[in-house]
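Quick heads-up: it's one chain on its own, the form predicted on its own, in structure tokens.
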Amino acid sequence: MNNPVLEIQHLSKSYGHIRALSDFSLEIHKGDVVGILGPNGSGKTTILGILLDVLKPDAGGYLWFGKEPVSSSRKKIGALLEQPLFYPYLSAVKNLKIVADIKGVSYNSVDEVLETVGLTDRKNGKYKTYSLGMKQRLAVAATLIGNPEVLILDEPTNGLDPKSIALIRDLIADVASKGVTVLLASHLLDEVQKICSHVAILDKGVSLHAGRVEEVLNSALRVEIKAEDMEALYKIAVELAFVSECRKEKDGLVLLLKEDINTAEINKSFADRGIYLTYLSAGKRSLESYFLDLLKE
């Protein structure tokens, strides 16, 4: 495997008596789209602030491109932590030229990034006339000035309508397809599932899980079952070798499976033990249900 673009090593951070982050570690490789997922106050923004040298950790450290962070490595990173303070009476082009001046790069990429975010037709329009979705796309465009190798985005779809969310999602996917590594923080589970290749799940500063999104979903086979004798059904279900978890929900049972097994085999497993199912529904668990289960645990 190629060397990590980012190695996070046992980061911890407290604000007074509040523990914002506790012993957090993560590796990110070139081309990964990694979602840091968690409820508000889980430590997502703290991680991003440390990685961008806005905050100092109490313990631990990190490496960018295999080295201690220095100014030259930070030039390879485009970041969006808060809504940029664009000048309302200037056009998108002029605002991005100011961003280029701040970054110390040429204006060569201005038209290209405006094309990437779909704002070419409005590039000469004043920023104050933009919709919220257009402003967010211009913010992403600002992170792309200078052709960074890594993008760091904090809640990039927060507050947007469904159409704008879809546009930002497609934009991130397009950028990632060109080999740019993306690290984003979000509390929108559905968006992380659609956008990200990898996920790190946090709660109260503690890492609950980190890995590929597809591994989470493939390992989370979910089956709902019912029978006339629910107590007998439950006693049998908890003893089956292929069941990793069994819980009562509403008027049925939910089984989480250790392995992919077809519905005919599930039905037969109960019938062989004298229980005939009146209802069976099988499918893969969503990232949302996996996330909520981790929080319960």
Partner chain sequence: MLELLKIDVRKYVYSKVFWVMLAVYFALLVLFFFGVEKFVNEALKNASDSSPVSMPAFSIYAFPYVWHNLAFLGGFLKIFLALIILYFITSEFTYNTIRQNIMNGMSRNSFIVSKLLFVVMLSLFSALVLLFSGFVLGMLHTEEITWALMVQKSGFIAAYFLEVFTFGVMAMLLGFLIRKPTLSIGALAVYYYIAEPIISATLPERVAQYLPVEAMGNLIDIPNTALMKMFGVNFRNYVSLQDGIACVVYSVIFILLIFLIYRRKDL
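Each form is matched to the other, and the largest set of C-alpha atoms that superpose within 1.5 Å is called the rigid core. None of these values were measured; they are calculated from a predicted model. Residue numbers count along the first chain shown, from 1.
A second form of this protein, the form predicted in complex with the partner chain, is not displayed here; the remarks below concern that form.
S.K.: Which residue among Ile165, Met134, Leu188, Ala79 has a heavy atom within 4.5 angstroms of the partner chain in the predicted complex?
M.R.: Of the listed residues, the single hit is Ala79.
S.K.: Of the options Glu214, Asp101, Glu112, Asp161, which one has a non-hydrogen atom that comes within 4.5 Å of the partner chain in the predicted complex?
M.R.: In short, Asp101.
S.K.: With a 4.5 Å heavy atom cut-off, would you call Lys94 a contact of the partner chain in the predicted complex?
M.R.: So Lys94 counts as contacting the partner chain.
S.K.: Residue-level contact is defined here as any heavy atom of the residue lying within 4.5 Å of the partner chain in the predicted complex; does Arg122 satisfy this criterion?
M.R.: Arg122 lies outside the contact set for the partner chain.
S.K.: Can Lys250 be called a contact residue for the partner chain in the predicted complex at 4.5 Å between heavy atoms?
M.R.: Answer no; every heavy atom of Lys250 is more than 4.5 Å from the partner chain in the predicted complex.
S.K.: Might Leu208 be said to contact the partner chain in the predicted complex, defining contact as any heavy atom within 4.5 Å?
M.R.: Leu208: no contact with the partner chain in the predicted complex.
S.K.: Taking 4.5 angstroms as the heavy atom distance cut-off, pick the stretch from 113-121, 168-176, 193-201, 68-76 that is near the partner chain in the predicted complex.
M.R.: Result of the contact check: 68-76.
S.K.: Select from 81-98 the residues with a non-hydrogen atom within 4.5 Å of the partner chain in the predicted complex and write them out in sequence order.
M.R.: Those in contact are Leu81, Glu82, Leu85, Phe86, Tyr87, Pro88, Tyr89, Leu90, Lys94, Lys97, Ile98.
S.K.: If I superpose the two forms on their rigid core, does the C-alpha of Val206 end up displaced by 2 Å or more between this form and the one not shown?
M.R.: Val206: C-alpha displaced by less than 2 Å between this form and the one not shown.
S.K.: I want to check Gln193: does it shift between this form and the one not shown by 2 Å or more at the Cα, with the core superposed?
M.R.: The answer is no, as the C-alpha of Gln193 shifts between this form and the one not shown by less than 2 Å after core alignment.
S.K.: Once the core is aligned, please say if the CA of Lys76 is shifted by at least 2 angstroms between this form and the one not shown.
M.R.: The answer is no; the displacement is under 2 Å.
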